[in-house]
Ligand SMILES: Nc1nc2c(c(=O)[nH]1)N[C@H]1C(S)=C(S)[C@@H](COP(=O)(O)O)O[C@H]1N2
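One chain follows as structure tokens, the form predicted on its own.
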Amino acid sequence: MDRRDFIRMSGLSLTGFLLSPWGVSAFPKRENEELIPFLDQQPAKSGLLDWSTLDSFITPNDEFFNVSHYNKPVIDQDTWQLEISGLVDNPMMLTIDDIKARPKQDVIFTLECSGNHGFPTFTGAIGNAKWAGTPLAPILKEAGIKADGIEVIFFGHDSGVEKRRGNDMPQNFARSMSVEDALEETNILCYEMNGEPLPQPNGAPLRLIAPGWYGIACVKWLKRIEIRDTRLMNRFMGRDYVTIREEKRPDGESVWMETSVGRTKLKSLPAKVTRIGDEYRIYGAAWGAPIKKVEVRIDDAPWQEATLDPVEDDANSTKWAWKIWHLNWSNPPKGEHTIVSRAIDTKGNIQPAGDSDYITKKRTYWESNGQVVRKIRIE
């Protein structure tokens, strides 16, 4: 994955309660607790979240991971404009002031790279922030999508050269959605992050935030939104960021499916274990869908329901945020133990086991959401 450029650590470093203008609570930390490292604990990678330090609900801007596939453009906001074009009745050119003059909408959304957890040591490409901007749907409706328009393509200012069949093709980074998906009311053209202007590494002056989608869909440094009558099949839709999965039919035939990475998958993770005397606590997070509950299994014991840390905010604004959870573990026997969690969403979907066919027959590292088993020793 050396083609990516991850910068700025995503380790959450605040302690106690995070005081913020929107009043959300933070990690349920106990005073004087001692961290007990997992036996399979890997050194934290630079630029990624260190789960062993997780102690905050909101990820500070200067600690939030970011990804760049081409360059990281620095854009003059005074001259920048967003073009709305293609199969529309009313093409538009919008300045940042035009966009900020429109109704404002915010959402607390956990942004995750679709390659997160694809490898055992790659687990920290994730962060949780409050994003603010203007809804996308009213702008698309004002532009007037023509009847034959089926695809909304988001182009960034970041650019590079792709080589295909002997051709050098200079192009901007681009991802797309169907018109129906783009018109979802949760999508925003974002210019603020955690109450501050959107940082340049995270897409300033404007980026797409699409709650419920992986980070690859949330195009940064927006340049143009174009409606077309054909599907986009560029590198980032049709070749890279494609999940390959073997599916077995009832008659035993294998069917190989290739699908473009899109919406987030239900996931949870035991993040760390701490102790105060003989009182141990398992902390973790769950995300990828509206979470109903999280269950934890220690060794081969029955699943136990964890406690979800309450968030003091409007339920709609935190629907797409991760849920911090913990489970108290009193007087555990000495020796080695395994800890695994599974998230259950509000529709009753259960995070799949790591050895399930759904996970083991996936042959690419994108969209990995199997249950993660951690090992620990109690002395």
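Since we're looking at a predicted model, the values are computed, not measured. From 1 onward, residues are counted along the sequence shown.
Form predicted in complex with the named molecule: not shown, discussed below.
Pick from Leu136, Val152, Ala286, Leu111: which residue has any heavy atom within 4.5 angstroms of the named molecule in the predicted bound form?
Comparing distances to the named molecule in the predicted bound form, the residue within 4.5 Å is Leu111.
Selected contact from Gly262, Gly86, Pro201, Pro205, since only one has a non-hydrogen atom within 4.5 angstroms of the named molecule in the predicted bound form
Of the listed residues, the single hit is Pro201.
State yes or no: in the predicted bound form, is some non-hydrogen atom of Asp158 no more than 4.5 angstroms from a non-hydrogen atom of the named molecule?
Asp158 belongs to the contact set for the named molecule.
Within 4.5 Å, heavy atoms only: does Ala182 come near the named molecule in the predicted bound form?
Taking the distances in the predicted bound form, the answer for Ala182 is no, it never comes within 4.5 Å of the named molecule.
Contact between His69 and the named molecule in the predicted bound form at 4.5 Å, heavy atoms?
Answer yes; at least one heavy atom of His69 falls within 4.5 Å of the named molecule in the predicted bound form.
Using the partner position in the predicted bound form, report whether Phe65 sits within 4.5 Å of the named molecule, counting heavy atoms only.
Taking the distances in the predicted bound form, the answer for Phe65 is yes, it comes within 4.5 Å of the named molecule.
Since the partner isn't included here, can you check whether the named molecule sits close to all of Phe57, Ala129 and Trp320 in the predicted bound form (heavy atom within 4.5 Å for each)?
Zero of three within 4.5 Å in the predicted bound form.
Within 4.5 angstroms, counting heavy atoms, which one of the listed stretches 265 to 273, 91 to 99, 184 to 192, 210 to 218 is next to the named molecule in the predicted bound form?
Flagged stretch: 210 to 218.
Give, in sequence order, every residue of 237 to 260 that has a heavy atom within 4.5 Å of the named molecule in the predicted bound form, or say none if there are no such residues.
The one in contact is Tyr241.
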